[in-house]
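Just one chain follows, in the form predicted alone, and it is written as structure tokens.
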């Protein structure tokens, strides 16, 4: 476990640290070159330094968005194996409606969310990065407004997806939990009324069986959430470290007098946080659905 945790930490830290070192080197060389020349040459050197730093930053952000898409795809592949097992345990425990909703509605919505991430959110985020860099490099209010528009659209899309998925999954799970609890109570009542002595024993056995399956379901849910956390954690750490690296690089750029590079750092720090928000939304949907199936439908 320690070796695995060390490998996760290395995966999340290695690329941001490499980028931080390259950013410091690029900004330092640009600052030194700018101080060494004067006049028209200073403008050329500053433009070259901004272009070099913008290219370095854009490459790092494109790699990060690609990694976010791959992580969502890996999570969906894992859910393809986890959902039938977990819903099968819930079905054996008497949660027929909840298991059907989890294996049907939740799995369909998780696949839809994965497709939205890969086909809509991440391309919009990449366009945002390109427009942000272009607005800083070439100037012009049009590019800046376009970049801000794409950023606002991405934030609005994340909020809408989170609200819709939470309401739909929460309502569906609540209704399924009420239905399964009612079915379990009805079954116990029928058994108790059918035969006074044997029926009570059968009803008690039914309650004990449901409780044992609930314990198994809880253990499986904890294992599934832990596996998903292991899938998401390195990428979330990388997003946070990229955001921190851009913040620190922006401070260095402003201190060296490279204001345009500082603007790139501020925009890309927000972009790294948006990458993390995309994964957090997906992880929240998965964990919420699993938890709702775990706590619902256990009344008797």
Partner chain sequence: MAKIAVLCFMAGALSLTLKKDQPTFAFLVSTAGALILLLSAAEQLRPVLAFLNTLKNYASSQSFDCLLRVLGIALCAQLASDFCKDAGMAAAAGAAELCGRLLALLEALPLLQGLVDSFLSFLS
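Numbering follows the first chain given and starts at 1. This structure is a prediction, so every number in the text was calculated from the model and none was measured.
This protein has a second form, the form predicted in complex with its partner chain, left out of what is shown; the following refers to that one.
Asks: To test your reading of this chain, name the stretch in 247-255, 270-278, 234-242, 50-58 whose heavy atoms come within 4.5 Å of its partner chain in the predicted complex.
Replies: Going by heavy atoms within 4.5 Å, the stretch is 50-58.
Asks: When its partner chain is placed as it is in the predicted complex, are 73, 100 and 224 each within 4.5 Å of it, taking any non-hydrogen atom of the residue?
Replies: Contact check failed for every one of 73, 100 and 224.
Asks: Can you work out which of 146, 116, 154, 130 has a heavy atom no more than 4.5 Å from its partner chain in the predicted complex?
Replies: Exactly one listed residue reaches within 4.5 Å, namely 130.
Asks: Indicate whether its partner chain has at least one heavy atom within 4.5 Å of a heavy atom of residue 96 in the predicted complex.
Replies: Residue 96 lies outside the contact set for its partner chain.
Asks: How about residue 17 - does it come within 4.5 Å of its partner chain in the predicted complex, if we only consider non-hydrogen atoms?
Replies: Because a heavy atom of residue 17 falls inside 4.5 Å of its partner chain in the predicted complex, the answer is yes.
Asks: In the predicted complex, is there a heavy atom of its partner chain that lies within 4.5 Å of any heavy atom of residue 161, even though the partner is absent here?
Replies: Residue-level check for residue 161: no, no contact with its partner chain.
Asks: Could you tell me if residue 67 has a non-hydrogen atom within 4.5 Å of its partner chain in the predicted complex?
Replies: Although its partner chain is absent here, residue 67 would stay clear of it in the predicted complex, with no heavy atoms inside 4.5 Å.
Asks: Counting only non-hydrogen atoms and a 4.5 Å cut-off, give the residues of 16-55 close to its partner chain in the predicted complex.
Replies: Residues within 4.5 Å: 17, 18, 21, 22, 25, 26, 29, 30, 33, 36, 37, 38, 40, 41, 44, 45, 48, 49, 51, 52, 54, 55.
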